[in-house]
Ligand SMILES: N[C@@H](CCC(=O)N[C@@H](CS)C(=O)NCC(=O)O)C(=O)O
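Only one chain comes next, encoded as structure tokens, the form predicted alone.
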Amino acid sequence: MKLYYHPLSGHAHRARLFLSLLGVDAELIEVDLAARAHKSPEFLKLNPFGQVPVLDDDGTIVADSNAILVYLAKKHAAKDWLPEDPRGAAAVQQWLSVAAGEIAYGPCAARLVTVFGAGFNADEVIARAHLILRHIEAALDGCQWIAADQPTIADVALYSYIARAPEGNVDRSAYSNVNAWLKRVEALPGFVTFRKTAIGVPEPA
């Protein structure tokens, strides 16, 4: 099994984190984004969208970070991570959609401005980040995990960009439920950290 990734990509970290949480060995292949290796003809054969991560499971190619989470949970029969009952599956899917939507256009986009020099309006994407953080703060009130009584791939999908939101100048200090949840994720057996940069506001203690 191979994972094509970049250490500063939160999408790639999701996939790498879940592989580690499952205890699944995979060869990590770093894609040089600065050299635009993700737009090379060879890489575009793996993912025509030219994005990381990409999972190659003995010739089965899975692109898109959330799709990789689902694939791995299904392949390894990790029912706690991806419930099969209608209510549980729907709850997880709801948050996967948030990860692909509000997280991508909020804390992810804010971090892209500072870390990669993306041309987004910083004030706008920071405001979006706080909006979704307020929703998640409320959803975690009285709950240990975002979608179930145990960690699921929804927690994995949300973690990376929220953990590094301060790199995008998004201050997390007002979100006690979110910060406590991040620490619970980080305490899971097999957790691997998402590489930090020195950019942005300080992370809450």
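If you're wondering where the values come from, they're calculated on a predicted model, not measured in any experiment. Note that residue numbering follows the sequence shown and begins at 1.
The following text describes the form predicted in complex with the ligand, which does not appear among the structures shown.
In terms of contact with the ligand in the predicted complex, the residue from D64, D171, E30, D56 that brings a heavy atom within 4.5 Å is D64. Of the residues given (A163, V178, A148, V52), V52 alone sits with a heavy atom within 4.5 Å of the ligand in the predicted complex.
Residue contact check for R16: none of its heavy atoms lie within 4.5 Å of the ligand in the predicted complex. Although the partner is absent here, K45 is not a contact residue: none of its heavy atoms lies within 4.5 angstroms of the ligand in the predicted complex. The stretch from 37-45, 138-146, 22-30, 163-171 that comes within 4.5 Å of the ligand in the predicted complex, counting heavy atoms only, is 37-45.
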